[in-house]
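The chain below stands alone and is given in structure tokens; this is the form predicted alone.
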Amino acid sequence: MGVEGIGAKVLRKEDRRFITGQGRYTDDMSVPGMKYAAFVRSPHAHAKITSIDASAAREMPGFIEFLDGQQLKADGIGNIICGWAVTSKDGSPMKMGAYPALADGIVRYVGQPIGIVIAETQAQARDAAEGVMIEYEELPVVVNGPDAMKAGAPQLHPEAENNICFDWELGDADATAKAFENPAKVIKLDIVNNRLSPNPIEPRAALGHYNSAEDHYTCYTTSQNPHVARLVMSAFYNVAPEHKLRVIAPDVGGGFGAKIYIYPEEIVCLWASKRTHVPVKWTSDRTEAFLTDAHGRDHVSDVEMALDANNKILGLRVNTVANLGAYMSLFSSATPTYLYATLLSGQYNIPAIYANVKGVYTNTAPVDAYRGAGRPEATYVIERTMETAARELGMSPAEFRRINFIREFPHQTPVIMNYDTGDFEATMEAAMKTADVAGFEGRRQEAKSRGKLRGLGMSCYIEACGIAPSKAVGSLGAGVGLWESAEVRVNPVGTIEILTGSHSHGQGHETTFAQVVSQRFGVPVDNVQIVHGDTDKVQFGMGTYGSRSGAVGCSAISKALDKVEAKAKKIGAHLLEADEGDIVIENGEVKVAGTDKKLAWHEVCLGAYTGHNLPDGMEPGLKEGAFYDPQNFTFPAGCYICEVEVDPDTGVTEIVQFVAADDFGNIINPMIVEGQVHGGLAQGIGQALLEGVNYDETGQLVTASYMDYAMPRAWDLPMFKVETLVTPCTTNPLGLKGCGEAGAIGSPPAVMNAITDAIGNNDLTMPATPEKVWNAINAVN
């Protein structure tokens, strides 16, 4: 294979094993003496545990041990933490309810783990788990965020009065109130962002192994950030000392945010291994995943937008109730606050913004970051409101946006963010041209002649990626730094190993990271090995989420490459008897510029390790590391245009065209970027048309299987038209912005704007199922 640097469409290296069934996932891991676990879970949404009897289970075939929350507590295993401290507007800290890995006396959602059974086989463990008899005293239940705050609602945690974990605000309330004193028009909208289940193709799994001979712990897990898992399990949960704990996240089949967190199962399997002296393995089934994986979204908001006589936005006021579920998860406080409200300015020059967010507890599974994490919710608020405003003003949605676009950069928004660069009108114009917006009315009339309703919807999104710098996020309550690390190891024969704290769960790091190295030294990507996902190999890293792998992870690699390049040039200059400033490295050669004097890359690398002829005082070897802490977030942005056709007799919606025009800054591998956009669009369209987590009034999850939770299929999606424009990021060395979440952020409002345009009724909530659409059509006819 030749040199394939930045910008090349290189086939993914890792797909060789994935498409031939040779990937190695946590459920594929096996260690000698391994036994199997099943969790005993609550069938009730809210109840006191009055007794636990495992005697029948102990008599069942293959049974090894049953452990419960009392034993966990007695061994000093700590409660699950939230890693981001949010302060309410009155200055008080958020009200954290205790979240034990195994329930201690009270259960607060269906599926909460109460105990663990270990047995010889998986089937025996599941049978024995059903044999554990638990008696409960049922308690009142609340599942909806706004209902949880009402007088008389059941109280989940004594610390959180009226179930309010935090009552948080951002922006200038007085300036925003002034903007509403004498506007030419006020747009009002009630918005619901439906709860979702992440549904990665690989369910969660954990294998805990305590080696008593070495007093060492190993945890295999489906994690997006194994180093943080090790840190939390050692420093906060007291499961194992950090220097004696190895966390390995092998191939991971999709994460979407749901595998960022440390769940009860990893903690308990590792603890149980020490208690029972056997390796303990658990793999979730799909119903367990629906019940216990952290859900996403679930916001209820009321929005007001004030406009002047020239249709420019004067102010935006948003009040949101964010359903947190029964307990706080790792990022659950940050998602509806700093990852949400800080993006409410969108692509628009809005002088005054005020947001109030109440995070509330309910008897449902915990809610945390899901692909986009706060940015889809913000985009949905602003883009549904922008489209609604254009309709009420009788304007083209494009023209209304054009009037209000930010045009000068850098731009400081009223809600913390400082956008470094962008060209929002260019992406909109590109999308409109590809979508042939000018010809839409003709297509609408043609559809009408066939008895169909046709609609066009637009969405102009911006997102904040990279989640940085550490000093800034620390001041806002983040419990960890959000830098990234990298180590570059050049071997004597010139091959290169990159050790990165980023972690791949489908993004193609083994290819794109190798392309960055190939670009620098001119070596084939097959000569570059990417090492990640193992805390014994990579010293520390912050993992992958928030579209940070390129902008932060690759920037750390670039910094380490700078150091390697500088040393290689010194060695090359010495060997070639040239001035260091005249040395260039390209096409796998170290050259003296303007001459024919050169050495092959591997010759310089070998020279670094033989050490026979190095500059005076230079240490042998060619290995360097770096930590990169970003100066700012990155800000991918774009414009999405959706065209739909609705059957008024059935309410069935068909997406007949979807155009995505994105600005991701510089792009390493266009093919991988296109795949990331396609995947994000599928998830966003799934939210808009099909997906929704639903609990009944007793807290039972009624969407706990694919019979009831509708995932998008191929026939639900059109052939996407994807365009990319480039305004390079100015705050990282590679000019990257991030692409992994954009599709899921910008697509839901585009779809909903299109459907409401088609049916002539703006009162429609996601998912826009045929029944909902049919009712909305008939409500206006």
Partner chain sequence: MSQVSMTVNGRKVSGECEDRTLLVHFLRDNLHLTGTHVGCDTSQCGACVVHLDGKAIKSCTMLAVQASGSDVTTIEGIANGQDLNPVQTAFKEHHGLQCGFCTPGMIMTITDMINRHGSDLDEETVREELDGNICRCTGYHNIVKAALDAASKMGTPQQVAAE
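Numbering follows the first chain given and starts at 1. Values in this document were obtained by computation on a predicted structure and should not be read as measured data.
Keep in mind that the form predicted in complex with its partner chain is not shown, yet the notes after this line are about it.
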Fill in: Candidate site Asp68, Met96 and Val552: all three near its partner chain in the predicted bound form by heavy atom within 4.5 Å
no
Discussion item. How about Leu11 - does it come within 4.5 Å of its partner chain in the predicted bound form, if we only consider non-hydrogen atoms?
Written reply: yes
Discussion item. When the contact criterion is heavy atoms within 4.5 Å, does Asp15 count as touching its partner chain in the predicted bound form?
Written reply: yes
Fill in: Contact of Ile416 with its partner chain in the predicted bound form (heavy atom, 4.5 Å)
no
Worksheet item: Can any non-hydrogen atom of His678 be found within 4.5 angstroms of its partner chain in the predicted bound form?
Response: yes
Worksheet entry | Option touching its partner chain, based on a heavy atom within 4.5 Å in the predicted bound form, out of Gly699, Pro113, Pro198, Gly607 | Pro198
Worksheet item: Where does its partner chain sit in the predicted bound form: which of 202-210, 405-413, 561-569, 317-325, heavy atoms within 4.5 Å?
Response: 202-210
Item to complete: Taking its partner chain as it sits in the predicted bound form, which residues of 81-114 have a non-hydrogen atom within 4.5 Å of it? Please list them.
Response: none
